[in-house]
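Same chain, two forms, each on its own as structure tokens: structure 1, then structure 2.
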Structure 1
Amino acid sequence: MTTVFKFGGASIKDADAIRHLGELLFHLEARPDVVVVSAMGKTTNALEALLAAARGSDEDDYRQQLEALRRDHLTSVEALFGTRQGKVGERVEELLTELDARHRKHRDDARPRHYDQTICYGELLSTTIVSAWFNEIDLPCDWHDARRLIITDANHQAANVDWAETSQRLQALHGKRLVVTQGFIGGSTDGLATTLGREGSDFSVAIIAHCLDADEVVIWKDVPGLFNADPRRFDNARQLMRLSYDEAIELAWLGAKVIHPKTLAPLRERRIPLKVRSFEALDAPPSVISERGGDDPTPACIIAEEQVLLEIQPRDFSFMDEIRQHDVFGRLVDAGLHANLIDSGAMRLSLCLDTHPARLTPLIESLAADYALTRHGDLTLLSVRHPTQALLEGLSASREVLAQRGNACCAQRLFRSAECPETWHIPD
């Protein structure tokens, strides 16, 4: 039985959380073969801010942020190991020195490449501390560098996996003692770090499980499982106990933040069940996603905030035909953006996108040169899987709908965030 576990940032956010994780593994009926770990807490956000300071040539700000990262990680090391730090503290210092050197080496590269060479350190740091802690508490394990396990192309920030090479490398791990490795990161054949996209550690666990032909994957979360809406935003969300891969893919694709959308397909192909389980309440029954899940027709709601709507019109009053749509979508692909909702008319194409300034600004500049453009910001997109008219009306209340689309499987409506409730309720 091969089992692969994944622990996200919240489960290792500080020394107490790492201690809890060790106890959890120690007392579990069956130990995993591989543990995939994200960066601690919100480290990846902190690294992105560090990169922004570095690329803005704000050396003081960069230095301060690097020091804050160092302090945060060393505080956890200190709290966990006290005077018995051995090489852990030293290794953390080494990794931060390496981060600084890599940033300087790649500062003139295109941003995505520079990004991957620096942001990967969140996971390198966390796994260094977590694996040392496991060994400290008699959970023997080895730290493995995912840059040499998950082999990808050089499409930085959204790297594509070389499945054959990755399989070969991962299979060499069979029979080894507990493997602790990084989520989110990989490496290209030219020796550079790559990343799989934000929240990509879920995808890492799926890659590893697929390549090892594992029997089970468990993603440990700060919620008991997969719900029909974010339980932190909907007061009556309920847990979905069994779900098919296809249904889970649809929910993830619509933006249910709990699982990265790329996670399910590699598992479905090998029929590897995925459990979403609480690291806080070990007795809580997990959600199980498998081929026997059945298509749960329970309506599910997904909200995505910080959305922007671009209304694009030809300047010459011609139609927004296939040729123009092809042109607009080409520019969208070039900008590395994805349309969360597409609403079109004879002379208009409306696209709802994540507010991602580094990608959005060049797209807007490019479109504005050739099209009449209207932009609306601060929007919230509501997506409903298995919608009913009554449910949609109840959820929309009397808010103005800025854009929408819908069919029997899924309906989407875009609202002004200022008009949306803090806590949502799914109507009966």
Structure 2
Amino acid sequence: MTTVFKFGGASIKDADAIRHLGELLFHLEARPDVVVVSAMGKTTNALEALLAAARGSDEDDYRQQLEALRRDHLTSVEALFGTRQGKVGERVEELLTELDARHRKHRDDARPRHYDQTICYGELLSTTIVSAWFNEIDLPCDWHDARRLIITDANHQAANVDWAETSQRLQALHGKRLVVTQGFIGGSTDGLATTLGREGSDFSVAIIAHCLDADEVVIWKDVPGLFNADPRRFDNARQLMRLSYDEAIELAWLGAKVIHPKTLAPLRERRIPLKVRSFEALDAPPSVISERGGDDPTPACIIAEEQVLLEIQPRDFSFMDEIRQHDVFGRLVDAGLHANLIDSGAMRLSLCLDTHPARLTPLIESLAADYALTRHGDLTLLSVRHPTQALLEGLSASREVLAQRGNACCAQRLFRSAECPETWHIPD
């Protein structure tokens, strides 16, 4: 049975977390064949700040940030290995020297290309430390560079996988010792690092599982599984024990913090089940995404805040017909924005969008040149999967609905954020 595990940054955020991860794997009855690991804690954020400093002119700021990155990782190395840290510490130093050299080489490149040559070091550093710790505690493993395993094109920050070459390289590892490798990153044929875009670490797991025709994927989190609402915002959120691939994709489309569709697609093709388990509560039953979901659809609620509503009308009071909608949506695509809700009438098209100033401002300026445009800000979007009228009315209470959309499977309502509660409750 071939199993692939993925651990995110929270599970390896410091030395204590890495120890806990080692104990978890050491005591599991069935150990995985491949472990995919993210960067430690907030390392990716730190690397993005380092990238900005490298592309700027403040050398002192850059050096300070690089030193902070070095100190954070070597602190964990020292806490784990003490006086036996020699080779691990040396390798961490080598990686940071490589990172510094890459900044000098790529600082004048296009930002996406430079970004990928920087961000990959978060995962390279974390897996170097984690794999060394596994071997330290007699959990034999081999470290492998995902830049040499997951082969992609050179579309930096959203690379496309060369499935045939990747499959060949991964299958060459099959049957050997436990493999520890990085999530989120790959490599192009010209030898540069690439990244896989949004939710790239989960996607890495799916790529590996697909290419190895794995029997199971397990993504370990600091929560027991997937929920029908954000437990931090809903006081009666409950765990979803079984979901179909299709149901998980629908929830992700609505903005739920579930598994991204691009992760599910390779698993669905091979019919590989995905489990979401808690690394803090090993006895807690996992959520499972597979071909067969739960028999009774459970209403799921998704809250999206910091939303903007654009109401768009033709200036000549003509219809908002297919030609004009085609024009508006084309501009939306060009701006790199996604409409979270679309509500239309004979002379009006309303779009609910995330507040993203760098992309939203040029779109608004473009639309305002040709259309009558009204903007409403500071809004909250409620999306409900498997709604009932009673549930919708209970969630809406007496709040004004600025825009809405609905069908038998999904309903969305847009409210002013000031009218929304801090903690929501799903009516029975």
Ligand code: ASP
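When a residue number appears, read it as a position in the sequence of structure 1, where counting begins at 1. What you are looking at is a predicted structure, and each value in this text was computed from that prediction instead of being measured. Take the two forms, find the largest set of C-alpha atoms that superpose within 1.5 Å, and that set is the rigid core.
Pair member which, unlike the other, is the form predicted together with the ligand: Only structure 1 matches the form predicted together with the ligand.
Is_shifted residue 11 between structure 1 and structure 2 (CA, 2 Å cut-off, rigid core): Shift at residue 11: below 2 Å after core fit.
Threshold 2 Å Cα movement between structure 1 and structure 2 for residue 154, core superposed: Result for residue 154: no, shift under 2 Å.
Flag for residue 253, CA shift 2 Å or larger between structure 1 and structure 2 after aligning core: Yes; that C-alpha moves by at least 2 Å between structure 1 and structure 2.
Cα shift between structure 1 and structure 2 at residue 391, which is computed once both forms share a superposed rigid core (Å): A shift of 3.8 Å at the C-alpha.
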